[in-house]
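Below you'll find only one chain, the form predicted alone, shown as structure tokens.
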């Protein structure tokens, strides 16, 4: 016959066992996920360092300082420059975020708070479908529609453009691509705002619009900013659609939105037509720079998010 105290002890031992089992079961996929990221970075870095090593390419090895500060992509036989491409990438992504974020946030606010549930559900489904469209489809749409629009805009302003292929086309395509991500996360953040806060604002005499902009959006700012971070991350990493509408500018930086441009991702994609050689390996060097740019951008945005979160 067991006393109650022994039964309690047995239950505690079983609970501790299952806790450890659950912990181990969750730890394994976490380590696997982190390992994939580390392996990818190591692989790209190993290939990306090769062009700068005399032991790999001898007299054809690339000068690292010239590579990082160059304003011309390629001069035969082994001179590469990436500085202007980094500037072009940040410039295009900044403009696309500047265009997409306000539209996305206002769309999220309208869907989450200003429409009846059936209509809200319909609009949210449309946004989700937009988020599921493959990159190549955005690229085809950009090449067939957006470039034509940009060409007409350039004509109105008396500017020349390469058939609409330009930085502006790239900005518009990226803006359309990141809108669904920012919108969906903003909807989630806005719906999570405590209704009591909104009701208190209305009770104090604020109008519905004042409440939505001064209470709801302010309270949801952390979640909205998380959506912006993910949207910018997608814009930085997009290759296929960008390559189809950006052009292939060989020098820069160029801040004329009607001229062709070149981004880090388009540089990588457009050059991966061989399987060996200096011109192939240098694309991995560009990939290393892209990873660094993404990491630094995310760190800065997260720091800004924490800073903004301190203010009500």
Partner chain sequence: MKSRKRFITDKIYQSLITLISLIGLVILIAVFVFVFNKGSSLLSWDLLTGDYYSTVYDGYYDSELTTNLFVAPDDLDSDTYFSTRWGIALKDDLDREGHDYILIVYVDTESPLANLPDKNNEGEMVYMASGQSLDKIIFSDNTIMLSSKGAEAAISQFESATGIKDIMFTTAGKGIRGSLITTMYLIILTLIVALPIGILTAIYLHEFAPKNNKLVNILRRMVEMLTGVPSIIFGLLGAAVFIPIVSTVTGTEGGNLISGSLTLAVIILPVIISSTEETLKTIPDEYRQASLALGATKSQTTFKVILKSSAPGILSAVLLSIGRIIGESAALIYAIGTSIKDEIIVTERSTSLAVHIWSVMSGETPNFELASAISIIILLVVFVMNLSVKMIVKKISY
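Positions refer to the first chain, counted from 1. Keep in mind the model is a prediction, meaning the values are calculated, not measured. We call the rigid core the largest set of C-alpha positions that still match within 1.5 Å between the two forms.
The same protein also has a form predicted in complex with its partner chain, omitted here; what follows describes it.
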{"property": "In the predicted bound form, residue 278 touching its partner chain (heavy atom, 4.5 Å)", "result": "no"}
{"property": "Exercise: residue 96 in contact with its partner chain in the predicted bound form, heavy atom 4.5 Å", "result": "no"}
{"property": "Residue contact check: residue 80 to its partner chain in the predicted bound form, 4.5 Å heavy atom", "result": "no"}
{"property": "Contact label in the predicted bound form: residue 73 to its partner chain, heavy atom within 4.5 Å", "result": "no"}
{"property": "Candidate from 208, 214, 191, 221 lying within 4.5 Å of its partner chain in the predicted bound form - any heavy atom", "result": "208"}
{"property": "Candidate from 55, 30, 69, 251 lying within 4.5 Å of its partner chain in the predicted bound form - any heavy atom", "result": "30"}
{"property": "Partner-facing stretch of 81 to 89, 120 to 128, 156 to 164, 191 to 199, counted where any non-hydrogen atom is within 4.5 angstroms of its partner chain in the predicted bound form", "result": "120 to 128"}
{"property": "Contacts with its partner chain in the predicted bound form - residues in 221 to 239 whose heavy atoms fall within 4.5 Å", "result": "237, 239"}
{"property": "Is_shifted residue 33 between the shown form and the other one (CA, 2 Å cut-off, rigid core)", "result": "yes"}
{"property": "Post core alignment: residue 21 C-alpha displaced by 2 Å or more between the shown form and the other one", "result": "yes"}
